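Below you'll find only one chain, the form predicted on its own, shown as structure tokens.
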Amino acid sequence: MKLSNETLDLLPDDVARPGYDRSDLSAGIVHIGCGNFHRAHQAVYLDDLFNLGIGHDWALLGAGVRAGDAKMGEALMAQDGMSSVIELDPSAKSARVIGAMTGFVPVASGNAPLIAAMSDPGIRIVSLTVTEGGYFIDPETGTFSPTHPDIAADAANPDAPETAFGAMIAALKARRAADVAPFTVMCCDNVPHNGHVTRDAVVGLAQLSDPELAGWIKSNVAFPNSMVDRITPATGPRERALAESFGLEDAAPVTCEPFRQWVMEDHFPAGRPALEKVGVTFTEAVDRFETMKIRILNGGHAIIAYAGGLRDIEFAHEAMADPQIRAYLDKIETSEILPIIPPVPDTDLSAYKQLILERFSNPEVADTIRRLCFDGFNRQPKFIITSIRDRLTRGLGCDGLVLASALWCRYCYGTTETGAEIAANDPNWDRLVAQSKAAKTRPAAWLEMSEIYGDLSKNDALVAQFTKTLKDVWARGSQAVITDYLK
């Protein structure tokens, strides 16, 4: 059954659908970047809220600034903004249709339609998921990079910006001129201190063309921090077949694990939906939750990804079924990561770690090792190297984390340990391959990527340990080196 407003009542009985009248919805949120994670997370929470009969003036207006966003918008609007979400519980799969989106802003050069949409007084929140690498962060300083070509282009042409941040600035400028209160900017990306990072990008870009406006934004616009979590694989033939098995003809189905979590600061001057009624946690301790999640879950993904990738393992649950890889992950988490995680309110870190192991092992999710290996250039500094740095600062050893970093280097050589070629799997793949080839004979070359490792290449003890570890991986293979680590 093709998704549309007209066919909702005709869907199979085992497919849940909106229990509210979608015609009663009005947009209160513009969301930039309507990929799988957004539709399995924020859109689901809003759909749950609307099913309670409240918050109907907080519907989503989808948006984007890239060509891929335009394609997604076309696919969604051909289905009246709806898409299906299939939860992959090992005991039973379930499907639901999400109806929280009312429209999609046309994607255009200069972003005039997006600026106009965000200027509407009815829009009180602008949220975004533009991936970890979309915030123009200088890897060496960890701060906003004003010299990035895309930023420089927007600074030179602020009235016709091409980035999401440039469009926000233009809309905030228009709202101020019209005496309309600013919207709240709600980042939903997996970035440490994501509200602060988003504020730095918006204010930093505005500073380049209009310092006075930049000061106004800094003083008047809220950027609450948040932590988001739900494992959501990319959509491929398997996921489309799952949708079809529920009798759904969906151009943009999403599959995901049953678990989801959203933790936010309650800083919304223009108002917000009552998301606490559907399981969202509002707290001032977001940083504690995000550190826990990024170090244990995302760091855990990085730990199993390259160990699995070098063995030609296809899926995360298959890696977790390998006793050695599972033990390797468990040991690093328990002995090197958990001891440096600050206490989290009402949370047992050991129980959380065990939950992560179980989530990674879910065979129904079929999360690919290749997806987990993707974009290490942007992910490693946040997920692994921060833990290395913290342990070094405290005078603690980090054998397992250094091994994880060495396996990433070995993966970036471009072949698995059976000799199979690894197709390009990072926006900076050519650079990483070249650096990995240099590191085969001089391992310190890998740590000299200051955009990733900062000044760690000057730490003689770390360089010596990494050198020994990488040489061992090349000489004896990853399995033998992991065996030694486990002993």
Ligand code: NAD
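All values reported here derive from a predicted model rather than from experimental measurement. Residue indices: 1-based, along the sequence shown. We call the rigid core the largest set of C-alpha positions that still match within 1.5 Å between the two forms.
Keep in mind the form predicted in complex with the named molecule is missing from the figure; the text below concerns it.
> Using heavy atoms only and a 4.5 Å cut-off, decide whether all three of 36, 131 and 134 touch the named molecule in the predicted complex.
Yes, the whole candidate spot contacts the named molecule.
> Can residue 69 be called a contact residue for the named molecule in the predicted complex at 4.5 Å between heavy atoms?
Yes, residue 69 is a contact residue.
> Would residue 232 count as touching the named molecule in the predicted complex under a 4.5 Å heavy atom rule?
Judged by the heavy-atom cut-off of 4.5 Å, residue 232 is in contact with the named molecule in the predicted complex.
> Determine whether any heavy atom of residue 61 comes within 4.5 Å of a heavy atom of the named molecule in the predicted complex, and answer yes or no.
The answer is no: residue 61 has no heavy atom within 4.5 Å of the named molecule.
> Are any of the heavy atoms in residue 190 no more than 4.5 Å from a heavy atom of the named molecule in the predicted complex?
Within the cut-off, so yes.
> Tell me which stretch of 201-209, 222-230, 262-270, 393-401 has a heavy atom within 4.5 angstroms of the named molecule in the predicted complex.
Answer to the contact question: 222-230.
> Since exactly one of 452, 65, 30, 43 fits, which has a heavy atom within 4.5 Å of the named molecule in the predicted complex?
So the residue touching the named molecule in the predicted complex, by this definition, is 65.
> Against the rigid core, is the Cα displacement of residue 375 between this form and the one not shown at least 2 Å?
Yes, shifts by 2 Å or more.
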